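As a starting point, one isolated chain is supplied in structure tokens, in the form predicted alone.
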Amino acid sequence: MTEAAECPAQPIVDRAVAPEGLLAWEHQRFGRVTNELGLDPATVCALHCAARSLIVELPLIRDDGSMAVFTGYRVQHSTALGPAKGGTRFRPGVALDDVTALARLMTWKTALHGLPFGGAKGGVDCDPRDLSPRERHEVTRLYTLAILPTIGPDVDVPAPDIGTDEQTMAWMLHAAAEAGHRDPAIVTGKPVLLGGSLFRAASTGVGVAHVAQRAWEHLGGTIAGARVAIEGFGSVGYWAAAELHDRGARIVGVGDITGAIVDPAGIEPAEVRAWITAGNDLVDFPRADVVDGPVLGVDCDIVIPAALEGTLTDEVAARLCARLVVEGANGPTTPAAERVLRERGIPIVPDLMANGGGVISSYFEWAQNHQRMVWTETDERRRVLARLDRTWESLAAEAPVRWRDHALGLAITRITDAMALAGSVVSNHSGIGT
């Protein structure tokens, strides 16, 4: 029997879903908000189910002549508002549940920010660090060809994510072109030379910093001198740190997979990035002290979890010294941690709001590709931050404890209304506002 046929009204919990994990957490939040909206069971099912879930097997001949088979996924959750849109991650342990949850989050995120996209996500269960450049190229080519019948500029537009970058997107673009699909709008996050946007690489992190400033000032603070700790120092974490540093904030703590460092006097993001780029571990950075425990627990005003999902647990939440959490990653805060933070009166700017700069920039890259135009970096930055401001204003009117549910409610309302206009569902929500 199909998932849609079994789908109950509330709560929505797949029988195959583990009690903990991003998909289960997304279910909890989705069920809470659809209950609040008063949606009927058929509409809830239509919102809940993915339009397409694809599993592919990728046989790779390794450099030593051995054979390895990797599993890849692409989930297109919704196309109610436009082509599906979402990243592609290369990471050990990537599984269908995770990809499905991330695709749903992309659906809500694009809708919240008023973009003409639906939500998708993809990935390959592999460790790119264990693959040679040729092997990474070949895995990318095989994956692209495997999902090519189901993607396209007006169908589903992949982008980079954890373990992938603009080089990966260049390989995907080339593989699609060789197969007869020559259109730069088929992927975003690609090199500028191949039609990528000038602001895309920095957009997510800069957007996180911008939203962090708006939220902190909304709560009565000033960004100049505000102490910030950031977990994750990849693209999002670095650009958020650099932008906040430029705006006068003090980066007092940074952490990644190797460990965490702290300096109450402030850490220079560019120096840390240069240290890591030179092949060193963050935890060995000589001009800061090593943190005993998660960096999110250091004494600061704002914390930005910008690593993986589920890293802000209830244990970490209980030790938090900050007065504001801004989610740079997708799904970094567990529901249990959220309850702890609510009891402690610490607001959370949800991922749907905080890290939307990346997909907004991707939309502008896609639009430029369609128009065969190139905007300046300054122009695109202005457009991205203006779109974030517009969304933030709709969120800031609510009490901080309502930020996550209100953001999700706005997104679901817009999607439900679009589905009703298409005749897919009957729109009967009580209305959170559009």
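Quick caveat: nothing in here was measured; it's all calculated off a predicted structure. Numbers follow the displayed sequence, beginning with 1.
The same protein also has a form predicted together with ligand GLU, omitted here; what follows describes it.
The stretch in contact with ligand GLU in the model of the complex, judged by heavy atoms within 4.5 Å, is 351-359, chosen from 142-150, 335-343, 351-359, 218-226. Think of it this way: in the model of the complex, ligand GLU has a heavy atom of just one of L312, L244, A159, A103 within 4.5 Å, and the residue is A159. The partner is absent here, but in the model of the complex a heavy atom of G86, alone among G123, G255, G86, G237, sits within 4.5 Å of ligand GLU. Ligand GLU is not shown here, but in the model of the complex it comes within 4.5 Å of a heavy atom of T188. Although the partner is absent here, R200 is a contact residue: one of its heavy atoms lies within 4.5 angstroms of ligand GLU in the model of the complex. In the model of the complex, ligand GLU lies farther than 4.5 Å from every heavy atom of H77. Contact check for N330: a non-hydrogen atom falls within 4.5 Å of ligand GLU in the model of the complex. Contact annotation for 270-307: no residue has a non-hydrogen atom within 4.5 angstroms of ligand GLU in the model of the complex.
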